[in-house]
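Here's a solo chain for you in C-alpha cells, the form predicted on its own.
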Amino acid sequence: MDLKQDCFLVPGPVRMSESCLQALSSPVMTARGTEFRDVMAHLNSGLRYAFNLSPSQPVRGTQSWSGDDDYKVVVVSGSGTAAMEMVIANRFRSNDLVLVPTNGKFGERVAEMCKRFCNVKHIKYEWGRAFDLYELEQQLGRGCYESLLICHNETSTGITQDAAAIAEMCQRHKTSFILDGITSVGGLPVHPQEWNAEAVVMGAQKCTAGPSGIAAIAINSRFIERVHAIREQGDSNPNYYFDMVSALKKGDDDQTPWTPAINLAMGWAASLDNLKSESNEGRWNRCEKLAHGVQNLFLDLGFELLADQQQRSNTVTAILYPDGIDDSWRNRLKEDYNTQVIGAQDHLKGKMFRIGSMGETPIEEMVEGCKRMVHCFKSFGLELPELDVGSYFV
C-alpha cells in the first residue's frame, strides 16, 4: 500500500483544487474598484448556478446577482453560520414565532441562533432519526408560525431531511420556509424555486470545494419585502455588520457593504467554475456514487450506520464504531495510513466516525481511503470479511 499520497475524506472543509489555490494567491486589489466588481460578478454568476437558479451574466453592471427568477444572491464575508445569523436576524422580529425541528448538532445550532432573535418552538428528534412529518403538519396547522427552518443536510448525523415534503406543507399552510443548505447546495439536489424557499444558505468550503470563511444566501422577493417592512416599522433586531438592507443597496453594483473577503471571493469563483464544468447533476451523481459505495461497503463489513436508511446523506456518512474501537483508530488512520476522516460530536464523541463524500473528491481517492480504513481496523484486531473495495464504487 503506497501511503505517500494522503486521502482527505473530511466532510468540510474539503480539499481545494489547484485553480482555487492559484486564485487565492492572487495579488491584492482594491475592494471598490472595477477589478473587484468583476470578481463579484463572476462569483455571483457562479453562485446562481450552484443554487440551481436561472443564469446571470458574469459581467459587472448586469445585475449579476439576479436572473429570470425571483431570487437574488448575497455574498457574506463569514462562515455559513454567519450567513444563517444574517438571515435570521433580518427576517424576524423579537415577537415572531418560528418552528425548528432538529435531529443533529447543526440543526440545534439553527434553533439556538433563532432564540437570540425571535421565539422558537424547537422540536428535538433523536440524532439520526427522520422528522415526524405528521407532527410537523399538526404544528403548522396551528397557524401561529412565521416560518419553519431546517438544517437540510445534517452532517453531524449523516441524514438529509425530506425538504420537498416539508416545503409542500409550508406552502399549504402559508408559512415561510428557510433552508440551511450549507452542506447540501452543490452536492445534493436543492430546488429553491420549486420549494418556494424564502432563503437558502450555502458555505463555500463544503460541497462547492471553496475556501473557508465565505458564504452566500439566495433570497426571494418575499424575504426582501419582509426585511424592508420590519425595518420601516422600526421593529427589527439589532444588527450592523449583518445588515441585509445595506447588502441589498450594494448588490446591484456588484459590491458588498463592508470590506469583502477579496481573495476568498476569487478562490470561490474558481471553484464554482469547476462545479459548472462538472454540472450540478454530475456532481450530485458523483457524490451519490461515493456515498452509496461507502455505505454499502461498511454495511457489508458488519458496521452500523447512524442515520435512518431512507434518508442517508450523499455528502457524509456517519458510521458507528464496533465494540472495543474508539477514536484511537482515527488517530492511527491519520498517523500511520495518511488518511483523514472526522469524529463525532457531543454525546456521540468517541462512538462514531464520519466520511465526507462532497466537493471534488475523486472516486479513486475514496476507494484508496476505504482500503486504508479496512487495513487500519484490522490492525486493531478486528476481523473483517475480505471484500473487493473497488467494486462498491463502480
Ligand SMILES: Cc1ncc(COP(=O)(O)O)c(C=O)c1O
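Worth saying up front: this structure is predicted, and the values here are computed from it rather than measured. Note that residue numbering follows the sequence shown and begins at 1.
Keep in mind the form predicted in complex with the ligand is missing from the figure; the text below concerns it.
Of the candidate stretches 139 to 147, 76 to 84, 271 to 279, 290 to 298, only 76 to 84 has residues with heavy atoms within 4.5 Å of the ligand in the predicted complex. Checking 102, 205, 176, 236 against the ligand in the predicted complex, a heavy atom within 4.5 Å turns up for just one residue: 205. Only one of the listed residues (312, 109, 286, 250) places a non-hydrogen atom within 4.5 angstroms of the ligand in the predicted complex, and that residue is 109. Using a 4.5 angstroms limit between non-hydrogen atoms, residue 151 touches the ligand in the predicted complex.
Proximity of residue 183 to the ligand in the predicted complex: non-hydrogen atoms within 4.5 Å are present. Although the partner is absent here, residue 161 lies well away from the ligand in the predicted complex, with no heavy atom inside 4.5 Å. Proximity of residue 90 to the ligand in the predicted complex falls outside the 4.5 Å heavy atom cutoff.
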